[in-house]
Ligand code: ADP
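Okay, here we've got a single chain as structure tokens, the form predicted on its own, with questions on binding and movement later.
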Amino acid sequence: MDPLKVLLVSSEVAPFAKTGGLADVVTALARHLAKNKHDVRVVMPFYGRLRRSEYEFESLERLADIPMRCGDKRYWFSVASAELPRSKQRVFFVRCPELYDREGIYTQDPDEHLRFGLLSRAALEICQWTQWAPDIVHANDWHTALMPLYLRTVYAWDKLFARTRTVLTIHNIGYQGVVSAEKLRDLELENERRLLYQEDLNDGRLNFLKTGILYADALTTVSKTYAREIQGEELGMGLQGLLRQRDDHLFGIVNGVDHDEWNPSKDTLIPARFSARDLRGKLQNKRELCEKFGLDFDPRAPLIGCVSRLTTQKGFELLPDILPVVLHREDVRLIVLGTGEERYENYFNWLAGAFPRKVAFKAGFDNPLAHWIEAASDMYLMPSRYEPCGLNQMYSLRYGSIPIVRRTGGLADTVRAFDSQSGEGTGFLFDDFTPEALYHAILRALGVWRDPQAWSRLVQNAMREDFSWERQIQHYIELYRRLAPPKR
């Protein structure tokens, strides 16, 4: 089959700019599409912080000082490129200092709509200036969700895009890009009001993500369960009705894991490497991590790990009622790494003070320590209120750290409940979002821990799971091919 031409556009691409999983997913898509011999162009903004980074950027002379009208203003953008680390794939950066030369990736500034409206249009202008006709334009989250509409309106005249089809991935429906309808002029959509949601316009607003959901040829989200959940009242965030209407165009594809980076037998960030066949290194990692944080080490006492953003979404409100009880009654250790809401940071600081030989907490993000916690832990705690996909549970499976998770989103799709009778399953799940339900899941895990033979079977099951990008990328390629018109 002929290779596909795929334009990937995103506000984040790792390692250049990252606040969450979006950046990792886009990077993985680019790398693995390229590995499969497809022609991929990745476009993102050139944020101010990149001027101080260690990456080498090449200015593209033929893509310099391109004018773009945005309502009553005119902007000029240029394009630079850099190689994606661990890949020959290049990323294209839209340089527009007036919009992007700011400290943060996202802002609360009044021109935030312009920053990403211009990104969406600039990506299409790059195609025009280079006469590169994409088979697929793959937009990501609200920031680039206007691209399907732009192709049907502002760029409909250009036959370069006659065969182009669009995919919009919803990474987290909680962020929708809702702005005043007065911004339509800035976005060059004032003459397209008839194509937008009239109720929204009457209420004086424009919703970027809703517009993308309406006009994209296909919609994806990052797990099959989340694709169902966002069609319901609880997690649809107001878009559930539209998503139900477009159900036959909505596909759930679980994110993959980079097995080059997350592999206990090759990981250079952990003290001792190990594999499913030889787990001695895992015990050494556990001993050294306990020593590092001043915890009592006992191979018979399970170590529970947690690396997370400390937010309400992640379910941490369930913990205060049960963790002190577990720590009083059971011989367990707990290590938490994360940053976020002050109340949760304060709670874990208090817990570490109350149980200094059993609990350790480090505020912030530390990638080597995140790898070490995965490698050292016997169990991994992830009690999310909702979780579109989640990556840490898949890292944990790979490292033989057994997940204790709520049955939601990607957690439900990637962790199978362990059955002591059959020996099947990879972790422990609970359904109700209550402290009691989580408490009983922890007790089930501790019960299996006390049976070394059952625990060994469980760890082997977990480490055999394959959620690699090499496997998951095929689902995207299949979708792209289904959408792209056959070559003449």
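Bear in mind that the values here come from a model prediction, so they are computed numbers and not experimental data. Don't overthink the numbering: it's just position in the shown sequence, from 1.
The next section is about a form of this same protein that is not shown, the form predicted in complex with this ligand.
Screening 183-191, 120-128, 210-218, 311-319 for residues having heavy atoms within 4.5 Å of this ligand in the predicted bound form returns a single hit, 311-319. Note on the partner interface in the predicted bound form: the residue among 151, 196, 370, 272 having a heavy atom within 4.5 angstroms of this ligand is 370. Shown without its partner, this chain lists 251, 92, 262, 100 as candidates; in the predicted bound form, only 262 has a non-hydrogen atom within 4.5 angstroms of this ligand. Contact check for residue 351: no non-hydrogen atom falls within 4.5 Å of this ligand in the predicted bound form. The closest heavy atom approach of residue 158 to this ligand in the predicted bound form falls outside 4.5 Å. Although the partner is absent here, residue 337 lies within 4.5 Å of this ligand in the predicted bound form, judged by heavy atoms.
A residue is said to contact a partner when one of its heavy atoms sits within 4.5 Å of a partner heavy atom; residue 382 meets this definition for this ligand in the predicted bound form.
Contact residues in stretch 350-374 (any heavy atom within 4.5 Å of this ligand, taken in the predicted bound form) are 364, 365, 366, 367, 370.
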